[in-house]
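Read the single chain below, which is given as structure tokens and is the form predicted on its own.
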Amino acid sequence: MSPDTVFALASGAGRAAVAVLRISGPRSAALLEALAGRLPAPRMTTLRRLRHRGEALDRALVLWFPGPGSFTGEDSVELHLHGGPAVVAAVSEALADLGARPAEPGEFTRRAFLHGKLDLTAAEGIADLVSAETEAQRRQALRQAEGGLATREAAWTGQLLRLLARQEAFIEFEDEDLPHDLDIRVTTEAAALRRELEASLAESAREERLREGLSIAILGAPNAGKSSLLNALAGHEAAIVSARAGTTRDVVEVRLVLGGVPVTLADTAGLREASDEIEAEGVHRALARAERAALRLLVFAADTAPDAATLSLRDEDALLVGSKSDLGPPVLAGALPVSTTTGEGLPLLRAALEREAARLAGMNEAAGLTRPRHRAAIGEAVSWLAHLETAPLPELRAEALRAALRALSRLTGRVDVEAVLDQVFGEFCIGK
């Protein structure tokens, strides 16, 4: 752990009424005394004039948090300054002159983790809270920051520890008066735990969609009304609309929120036999986007027969849209009639998209697996538990349980964490 004392702006950059400068490390008390005189009472807001080298810097509210009773577990200080950039710059320069250094991204939260104030999943939850765009993302991040996933991991770990204790007892005290089916019960309960972990893995794709956002692709033949539909859903002119077929050659994206889920809506090139290499690349990109999208809007013009290329993409994760319904009813049965000219069907389409977004993103109340790192740890534990079921010797079954425990422990960072620390905390903003 670095012995340095670090500082960073914990509030937003730019001009504001108040700017919060955070300091943490062994020299926090000395820095505060150098700037503001004697230390104030712990955790009590005090108004002080800040000075450095005889010059007044600001009149600020200061808070002193002796470790370990602070966010980082170290001695810490908060300076609530007037929010002008010149004030923040002057105080920052004074701190650097006194021997502190600017904090790296996520360094405050990393120090909190290293001092045992929170685990890795809670740290990731804090990062997600900072970047949450929607109410659903906020709730998901808060559940994780407050220990929801760590609580689930603790329950799984507790089950594994009990199973390992029984397996070890079977090995060490085989000649004692133990239940004759102890070894079989361990295998049976381990299989039940494996199925529970597999169910969590199955839900993880939806949890990640909520955290990262949902991808929706608009697909259809040239001049089917895809770009007009994108503009209508976005509420502004994001894509060029023309009566000339094949206007859209590249993917055009807009970001919006549907039912609390952040969504990237993509307009794509019309699906047809390309007339030149540029259009061919556009069609290739459209099909690639269709493959990656969580949901596909298959758009068919009401006055045109459905095309085979778009119909081939129809599955359970596709919504059929009969565009240009002002020209007549959709030819394709089951398609939702929509007209961007009259507005017919647009509210119904948006409601359908919100339902699908909620379905695909999960919107669970339980804390789930939201990152590839989580899935990797749980997936490894599942693999070891599956190996246990076929292991021919009690000693090998015990080793499989120990390996599953090690894999689970990486979820919260109790062991083997150095390899993932930079990845986890590098996502944070400066000052958090």
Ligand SMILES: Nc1nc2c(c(=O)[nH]1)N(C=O)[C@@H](CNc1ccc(C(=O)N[C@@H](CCC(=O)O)C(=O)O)cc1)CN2
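What you see is a predicted model; the values in this text were computed from it and never measured. Throughout, we count residues from 1 along the sequence that is shown.
Not pictured, yet referred to below: the form predicted together with the named molecule.
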State yes only if every one of S24, R111 and D119 has a non-hydrogen atom within 4.5 Å of the named molecule in the predicted bound form; otherwise state no.
-> no
Of 64-72, 370-378, 48-56, 385-393, the segment with heavy atoms within 4.5 Å of the named molecule in the predicted bound form is residues 64-72
Any of the heavy atoms of D128 lying within 4.5 Å of the named molecule in the predicted bound form?
-> no
E78 within 4.5 Å of the named molecule in the predicted bound form, heavy atoms = yes
With the partner left out of view, is R402 within 4.5 angstroms of the named molecule in the predicted bound form by any non-hydrogen atom?
-> no
